[in-house]
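Given as structure tokens, the chain that follows is alone and in the form predicted on its own.
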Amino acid sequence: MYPFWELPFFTSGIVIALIATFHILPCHLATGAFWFNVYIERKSVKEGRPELMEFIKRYSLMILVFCFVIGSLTGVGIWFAATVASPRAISGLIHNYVWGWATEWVFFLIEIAAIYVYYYTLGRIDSKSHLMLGWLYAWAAWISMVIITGILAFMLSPGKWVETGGFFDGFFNETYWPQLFTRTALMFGIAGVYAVIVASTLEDRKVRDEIVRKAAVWGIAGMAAGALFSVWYLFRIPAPARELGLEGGLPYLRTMLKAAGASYLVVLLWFVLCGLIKPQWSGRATGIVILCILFLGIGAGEGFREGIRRPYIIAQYMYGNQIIGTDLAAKGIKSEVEKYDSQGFLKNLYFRPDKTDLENPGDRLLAGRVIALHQCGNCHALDIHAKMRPLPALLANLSPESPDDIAGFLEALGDYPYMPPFSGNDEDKAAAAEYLFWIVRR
């Protein structure tokens, strides 16, 4: 186990969620926008309408800045936050899918080169060559999504990988195709929002209304298709995930799913009203409001997708606290739960403070804190004043009268379908219980 990254008021998972939710806006825009861009440019060339190129110029610049400056920063932020929050999970994904990521980075480099060449050759090279650059970017961006979706889907439904350890057995799992189609559809919806905002800045009223209407059609089609594919996705998620998210195992997940659906419905209605019926109502102000609603919807949807993976971070393999919970014979990996239960968790923890001797009464609180952080800290904050899932407040609801009461609760963790079992021997459990009782009563 690596050193634990503790945040005083928010858990590490919340930090990753905030960065990742925002990152979806530029990355899905990057994958979907150029299909619309090429469509408008081709229309301009084919019909001899140079006035449409002003939109192309503004839209391309927005993509360049927002996706490849701000979006790139949030992409790096995800890697950094995920690496310090869940280093063993990232290590597991890299060991299994390093060539998948390497392939995705090749297409990402193509994207970067293509967007810069496309923008700076606008009006400087022949239209056929320029359109080819647009197509190159559009396909490279989408193929990048094709690869990343396989890794994301693997974390929820690894499929036959658990038995074979095979790259493609995990990649083409039961949720891969519905998730890919859902993301592909929604990328057109997100691109449509930005296209409407950019088009509303054009001075030519006729061109402005025309592009707003066309962007609205793309947006409506993307949001509607995304909703249908989302239903397909929900039917394909594994039974434990369905129990947690759809059958009341964790009620807040159903609330998040409803919030995501409501936000997407608002965006869809905005496309109809301010895009098709009254394009003159579209503008930067209403567009920014819709982007905020879209951000909340994406956050709720991604939160649902992450939540139904519990108690695992990589389903059927690694628990949320980064303890390997399943034998993977194909890769020669053994479950760590039995080892920790027999030998002790703290004794097998490489990075730990010096004064964590379980037999020394003066060290027991520190030892208990270290154990509690590693076992619980990825999902729960240990600060009573924390804003997200404060463990002291949750334990206080149990009205414990002694550390033994909390030790009994730790013993029963495996009975909760969304919680990893406590991994450690009786000494570990007693020390963790003493510390948790102390933070409840202090």
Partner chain sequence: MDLSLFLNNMRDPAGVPFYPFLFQVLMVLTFAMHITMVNLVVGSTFVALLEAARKTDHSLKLAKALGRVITVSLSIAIVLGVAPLLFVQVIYDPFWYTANTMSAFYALMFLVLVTGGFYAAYGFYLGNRNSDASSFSSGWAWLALIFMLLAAVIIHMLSMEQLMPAQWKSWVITPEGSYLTDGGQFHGFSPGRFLHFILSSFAVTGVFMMLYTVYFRKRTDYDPAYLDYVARRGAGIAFAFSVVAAAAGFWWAGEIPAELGFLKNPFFVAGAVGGIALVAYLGMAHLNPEKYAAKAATAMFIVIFTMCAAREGLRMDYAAAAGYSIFDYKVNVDWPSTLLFLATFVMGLCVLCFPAMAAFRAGRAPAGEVVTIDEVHGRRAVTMLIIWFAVVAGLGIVISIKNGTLF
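Positions refer to the first chain, counted from 1. Every value quoted in this text rests on a predicted model; they were computed, and no experiment measured them.
Below, we turn to the form predicted in complex with its partner chain, even though it does not appear here.
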item: Partner contact for L395 in the predicted complex: its partner chain, 4.5 angstroms, heavy atom; value: no
item: G77 within 4.5 Å of its partner chain in the predicted complex, heavy atoms; value: yes
item: Distance check, I90 to its partner chain in the predicted complex, heavy atom within 4.5 Å; value: yes
item: V370 within 4.5 Å of its partner chain in the predicted complex, heavy atoms; value: yes
item: Per-stretch contact check against its partner chain in the predicted complex, the hit in 43-51, 403-411, 383-391, 60-68 (non-hydrogen atom, 4.5 angstroms); value: 60-68
item: Full three-residue contact with its partner chain in the predicted complex, heavy atom 4.5 Å, for I125, Y317 and N348; value: yes
item: T121, N360, T201, T255 - the one with a heavy atom within 4.5 Å of its partner chain in the predicted complex; value: T121
item: Partner-contacting position among L269, V106, I277, V289 - heavy atom within 4.5 Å of its partner chain in the predicted complex; value: V106
item: Stretch 129-146: residues contacting its partner chain in the predicted complex, 4.5 Å heavy atom cut-off; value: S129, M132, L133, W135, L136, W139, A140, W142, I143, V146
